[in-house]
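Form predicted on its own, single chain, as structure tokens, below.
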């Protein structure tokens, strides 16, 4: 195994040396990011664990990790999407052959997506969604409302969870679609957040259309498909996506040690202990994320992803609290003239995004208790009855 990993590592290094200019941060012959991603896809590095017939190389866990690490070292994008591309992974596992051929390359090239899951009456209980998709010949006509949809204003496509059967139990009457966002039947309204961002949106669907060929999996299989999509999302959030300020391309992870030195509190024994604990949480979570990525590369939607997502929520809130203690009263000086305080306050408010998005902390605890620890399932009185007879419909 070591020999094969070393061979792959050398092959990737040689390929990157030929095609990537680390000084300029661009491909040597690529005119755009999309051009560069085309090169990565053609070489099989975009999804290295997938079979060669599906833009991959059929590599194992360790070889795939080696590919990702070599790309990361030189700052080259595009590798390892078999572990972190939500629509591509969902289609790869459940999509028809025609849908795979038509749509996966688009998503590997960077087509923008939003997740049309949550609704005003179906947040934590996503199986209670009431957006309907009615089959009309070769298309489904979609009507309903989604909320807290990240990036809908920039998206090309939406991953849509909609109800196609109202007489089936709530989990069995759902279907999953790739719906084009830029059409007359879809209206997007931004939600202004306390951080000043407007990353989330309300999305209204009024007789919007999606081709039947864009259904991922069989009709009624939407809940199963969504579990894979959510697992990838939780993996991404577990890596810290929630701490990146909107519109910024840089890594916003701030060193607590640097702040302690700036504020001359590096010698405070209590704060040193809190900093050490925060750093330990990050390191432990990083190891768990490696484990989760390896399972994702094998096509698993393991509940282990919930551990990382819940851990990152704890990390972000904990880091913000320690930063606030380090700054002391200066943390209230939130203005452009005090960028450190402004950043800490942004982080304090923004941490709640990770606590809610991709399934709340409480939902993650339920998943971990039931699927990791094997504790009894939470009681759901409406789990087996026709959805139209449930309280969600009848009120």
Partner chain sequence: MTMIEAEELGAIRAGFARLLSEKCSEAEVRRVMATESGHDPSLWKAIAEMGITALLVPEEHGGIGAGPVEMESVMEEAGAALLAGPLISSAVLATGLLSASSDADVKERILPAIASGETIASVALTGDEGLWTPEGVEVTAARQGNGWSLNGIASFVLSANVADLLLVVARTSEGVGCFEVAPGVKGVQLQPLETWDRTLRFSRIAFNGAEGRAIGGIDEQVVEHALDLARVALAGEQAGASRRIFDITIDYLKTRVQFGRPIGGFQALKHMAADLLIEVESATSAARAAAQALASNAPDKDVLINLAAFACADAFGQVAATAIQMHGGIAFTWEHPAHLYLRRARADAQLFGQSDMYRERYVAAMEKAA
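Superpose the two forms; the largest set of C-alphas matching within 1.5 Å is the rigid core. In this text, all values refer to a predicted model and were calculated from it rather than measured experimentally. Numbering follows the first chain given and starts at 1.
Omitted here: the form predicted in complex with the partner chain. The next part is about that form.
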One residue of 259, 307, 113, 128 in contact with the partner chain, assessed in the model of the complex (non-hydrogen atom, 4.5 angstroms):
307
Tell me, which of 96, 288, 193, 150 has a heavy atom within 4.5 angstroms of the partner chain in the model of the complex?
288
In the model of the complex, segment of 154-162, 185-193, 69-77, 275-283 with a heavy atom within 4.5 Å of the partner chain
275-283
Is residue 370 one of the residues lying within 4.5 Å of the partner chain in the model of the complex, judged by heavy atom distances?
yes
Heavy atom of residue 168 within 4.5 Å of the partner chain in the model of the complex:
no
In the model of the complex, is there a heavy atom of the partner chain that lies within 4.5 Å of any heavy atom of residue 10, even though the partner is absent here?
no
Using a 4.5 Å heavy atom cut-off, state whether residue 311 contacts the partner chain in the model of the complex.
yes
Every residue in 134, 143 and 320 with a non-hydrogen atom within 4.5 Å of the partner chain in the model of the complex?
no
Listed by sequence position, which residues of 360-376 have a non-hydrogen atom within 4.5 angstroms of the partner chain in the model of the complex?
362, 365, 366, 368, 369, 370, 372, 373, 374, 375, 376
Would the C-alpha of residue 170 be classed as shifted by 2 Å or more between the shown form and the other one after rigid-core alignment?
no
Using the rigid core as the reference frame, would you say residue 41 shifts its C-alpha by 2 Å or more between the shown form and the other one?
no
After fitting the rigid core, is the C-alpha of residue 146 off by 2 Å or more between the shown form and the other one?
no
